Structure formats: structure tokens, C-alpha cells
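The chain that follows stands alone, in the form predicted alone, written as C-alpha cells.
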Amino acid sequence: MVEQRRFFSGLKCRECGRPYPGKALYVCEYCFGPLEVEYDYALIGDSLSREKIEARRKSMWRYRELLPVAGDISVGADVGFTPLVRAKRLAAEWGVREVWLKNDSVNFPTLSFKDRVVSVAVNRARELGFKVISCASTGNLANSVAAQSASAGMQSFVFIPHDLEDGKILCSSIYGTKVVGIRGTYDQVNRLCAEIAGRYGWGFVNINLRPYYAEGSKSMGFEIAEQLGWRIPDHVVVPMAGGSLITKVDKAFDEFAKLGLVPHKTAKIHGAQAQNCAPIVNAFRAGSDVVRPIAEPNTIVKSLAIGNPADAHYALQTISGSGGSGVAASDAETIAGIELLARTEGVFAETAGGVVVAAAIKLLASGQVKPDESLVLCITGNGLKTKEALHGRHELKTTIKPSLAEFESLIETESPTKEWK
């Protein structure tokens, strides 16, 4: 067991720097800034090396000195280390030398990147003595909280907008959690959950456990750098909902560089949102640091439909500070992105992945990504969860009798110029 408690000392305010103990706290009582985990990087640098990481089990916990859990990993030990896929056919179609897919659509156990953050949050919640785990969610987070709470033998409640995709509701309720649908937007769900956390003292992974939960996203950035052969790519495209993931991918690269695990280099990090719920992108385009909330998101990309993103300010800082860009995709462009990724690379992404692909197309068209540069697309969820977005587009259209003659007639009619033998 790693003596993890030596590596993170507690929490500190992201704004005023005031220190706090490593408890279930998330807001500074002096300036109301968000709290984040504080690490002893000098000590970590003396302990961690490429060789030590490579010798460990292939999961997100190979980087555990940089994740805020003190004891043994009892929940989600197999989460992470998802494939980094060289997307050669997609690169050829776009005329780009190097495109990669960080494919969290096959993450364990619930097929999204949220398994990373929940694994950290539930482990830390157990250390802090919580008995009930909960969350406000647009779908994927609820799935992961339900699954990992079940594996930990803990009670759970998940709160979601009532009109989420059927697949995401099923993928929470199957684990025995209590799923509560709220007749309102995600932001209204989140406000209610903050009240419940205060009243009942439950561990809400993205509220009172948020500083620990958010750190789990760094593991995606750590893996990208290691899987690229200990280097940082030129460009990364990240979907934005609450805005946390994009900041943590950037933080992961910074931490690896600070520790000497990768050469110092700034990746241009681009944030992607759905066109009808793009408060961060809208602020970036306006050159403003004021993010105006979207009161009524109206998009098929329900996993990104957060009108008032908690980390919007820091997401803007990440985009601007890295030289990246904010890009929005329409629903039609999102669907086209999903289909393109499936057709070229055999990866079926949920709607957030379609937004990322559509954003990459726009970045290439505008010249912000050059053909000789490396580009990583973060695919954060599985398309089987958002089938409704493709309703009517891929129904069974061809049927024949169990007859070779009928099949040969079909081939000759539909593909007369192709050689099938």
C-alpha cells in the first residue's frame, strides 16, 4: 500500500489560497471560492517515476500519488487505462497526420469517463465515514454512482432531470439505487441536491465531495500522456458540461511536466459544447470572462445540457491560457459526428462524442489545427446510452428470404460494381 496520506495534505481555496482540512468541504468560508486538493509535489517527485508507473496494474490507480485517497483502493480498482486508439482512417479522411481517440466509451464499469471521478469520490467518502452516496446528474454520473455504490455495499440516491434518455435511466436503476426524476433542468436538480446534502448529511460526489471527485478526471490526461509515449499532444478536444474535465486534463499535463515525467510543453486544449447549450463557448467567442447561463437548454446532447456550469470560469482560463478555442456543434453536426466516428473507426460514441468530432472538423477547417500536428479527441461515453438521438436513421431496411438466389439478386441490384469474392 502506498502511504498516500503523505502526498495530499488537505484542501485549499482556488481563489484566496486559504488552507482547509481534508474533510467533506467544497466552498471557502471567507471568499466563497471553490476548494481543491493540495499535494506535496516535492515528496511525490521523490517517489514517482515512469518505471514505477509502468510496473503497476493498468488502471487509473497507477497514478495514485496524484489522486486524493489515503488508504487502500476498495472501489473501482479496475477503472481507467482505457484505449488510446490511433484513428488512421479518420485522419486520412481529414488529411491529418495524427489523430487519436481517448476512448472512455469502454470504461469500466458503466462505459463513461464518470467512472473515474466516482471511483475517487466513493473511496474518499468511505474514508470520511459516509453511509449514503448521491449525486445530481445528466445521466452518466448517475450510472456510475449507482454501480460503484452497489459494488461498495453502500446505499445510494441519484437525482436526474426527468426527461433523460431511457438507456441512462435503466443503467442507473438496474443497480438497485433509488432514481429520482426532477421535473426541471439540471441546474434545478443541482440546487435541490445542495439542500438535501445540507439536511441529510449524505455524500454528494459532485457537491460536498467535489474537490476529491474532480481530481479523478486528471487520470484521463495522465493516460493520454503515458500512452503517447510520455509526451503531450499538440491539441486535445474535450467536451464541456460543468467545465471540470477540461481543466483537469490541463492540470494532469502540468503535473506530469512539473514532476519531470514528460517534457514541458503546452497542449492547446479546445472545449466543445452543444450549440443550444454553450455558455462557456459563447463567453469565449465574446472575449468575455462573464459566463451567461442558459436558462432552458434545448439539445439532444443531454449529457452536456448544463446551463450554469460550475467550473465555467476555470474552463475559460484553461482554453485561453493554452491557446485553445471554444467550439459549438448543432444537433445535426453532432449526429453527423457520431456516424462519421462509427463509420471510420468502429467507435460508437454518445452525443457528447459527436460534439467533439464536429468541433474537431471546425478546428481543422479554420486552420486552428494544422495537418502535421497531433490531435486527441476525448470520447467520454458510449453511444448505446443515447440511441434516441439516432431514432429512425438506422432501422432495418433490407430483408430477404433464407435463399441464396435472393441474396445474389440483392448483391447484384445494390452493389453491381463491387467485387465481393
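In this text the structure is predicted, and so the values were computed from the model without any measurement. Numbering starts at 1 and follows the sequence shown.
This protein has a second form, the form predicted in complex with a small molecule, left out of what is shown; the following refers to that one.
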For the three residues 110, 167 and 349, verify that every one has a non-hydrogen atom within 4.5 Å of the small molecule in the predicted bound form; reply yes or no. no
Heavy atom within 4.5 Å of the small molecule in the predicted bound form - the one residue of 337, 161, 242, 80 that qualifies: 242
Heavy atom within 4.5 Å of the small molecule in the predicted bound form - the one residue of 138, 185, 156, 123 that qualifies: 138
Is the gap between residue 381 and the small molecule in the predicted bound form 4.5 Å or less for some heavy atom pair? yes
Quick check on residue 304: any heavy atom within 4.5 Å of the small molecule in the predicted bound form? yes
Of 35-43, 66-74, 389-397, 350-358, the segment with heavy atoms within 4.5 Å of the small molecule in the predicted bound form is residues 350-358
